[in-house]
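Single chain ahead, by itself, as structure tokens, in the form predicted alone.
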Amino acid sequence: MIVFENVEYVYPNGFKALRGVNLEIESGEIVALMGENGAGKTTLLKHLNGLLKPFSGRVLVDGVDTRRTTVASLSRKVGIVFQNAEEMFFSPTIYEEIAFALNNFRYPEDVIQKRVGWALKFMELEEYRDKSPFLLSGGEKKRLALAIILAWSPEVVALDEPTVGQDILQKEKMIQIIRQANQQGKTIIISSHDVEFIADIKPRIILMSKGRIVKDGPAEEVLTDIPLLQECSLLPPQIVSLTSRLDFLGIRPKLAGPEEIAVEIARRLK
């Protein structure tokens, strides 16, 4: 569905954010972009719906070159939830905020009402429907931003640092939302520093550094490569740090649940 072909991008101040990025993301995948600040994760996300255009190379979404179509057209396919959710708000009420894009896409009024109602319920925001979005808590603003995107049901949902400002319960809810959206056939792309959150999802991981892709593989492979994570200024998940200290039992660093690790330790101690 999404193809990056030797994509380079340079900001007006001369900072080269993407350097020869080649990447393919298939329909229905869950993909996490990880790496240090300035690695190019957010820049890559903004190429998905044409907010940024490649300086060289090209980005294809369903075979369409993003340089040759509009952001509005691409947004029907790709919805991006920004790290700062407030950047997406400008309507007086939460209901109107969610309905805005649906009106722009010319959905019938009865469909708009149904979709907004579903999004409010799904994101547990029904009680706030007539309030200003700017009065919500940080976690609620994140959920509203996601509700705005999910309401028009794009094929691709991209999330930039979705766990910022979220507590543990909200993170668990976010994981459920991501899994449910993926089960509905949506492609999910997540940019995040939160290794514990990503470890719980176990997606395909694109590890970036200085504008390049340095590793592309399953979470079990990438998140257990401790030296590479350190090179990219990321701490390994706690379970990986724990198992890396159990080499005297013959246990290699692995991404697994505590129960599984406990059973393996007990078996080897016998």
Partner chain sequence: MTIIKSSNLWFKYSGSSEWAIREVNIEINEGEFVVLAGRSGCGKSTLMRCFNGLIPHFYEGEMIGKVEVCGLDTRENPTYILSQYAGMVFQNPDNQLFALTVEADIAFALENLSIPKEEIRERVDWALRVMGIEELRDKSSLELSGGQKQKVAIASILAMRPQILLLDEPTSSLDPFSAKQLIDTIISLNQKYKITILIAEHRLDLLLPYASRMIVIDDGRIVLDGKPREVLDKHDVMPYGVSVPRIVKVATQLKKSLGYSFNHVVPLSVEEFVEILRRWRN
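Note that the structure is predicted; figures quoted are calculated from it, not measured. Numbering follows the first chain given and starts at 1. Definition used throughout: the rigid core is the maximal C-alpha set that superposes within 1.5 Å between two forms.
One more form of this protein exists, namely the form predicted together with its partner chain; it is left out here, but the text below deals with it.
Taking the partner from the other structure, its partner chain in the predicted complex has no heavy atom within 4.5 Å of any heavy atom of L60.
Its partner chain is not drawn, but in the predicted complex it has no heavy atom within 4.5 Å of V64. Within 4.5 Å of some heavy atom of its partner chain in the predicted complex lies at least one heavy atom of L234. Using a 4.5 angstroms threshold between heavy atoms, K77 stays clear of its partner chain in the predicted complex. Segments offered: 145 to 153, 90 to 98, 166 to 174, 106 to 114. Contacting its partner chain in the predicted complex at heavy atom distances within 4.5 Å is 166 to 174. Using a 4.5 Å heavy atom cutoff, F15, G139 and R245 all lie near its partner chain in the predicted complex. This chain lacks the partner; the member of S27, T69, S56, S241 within 4.5 angstroms of its partner chain in the predicted complex by a non-hydrogen atom is S241. For the candidate set S73, Q184, N84, S132, a heavy atom within 4.5 Å of its partner chain in the predicted complex is found for exactly one residue, namely N84.
A movement of the C-alpha atom of I25 falling short of 2 angstroms is seen between the shown form and the other one when the two forms are aligned on their rigid core. When the rigid core is held fixed, the Cα atom of L255 travels less than 2 angstroms between the shown form and the other one.
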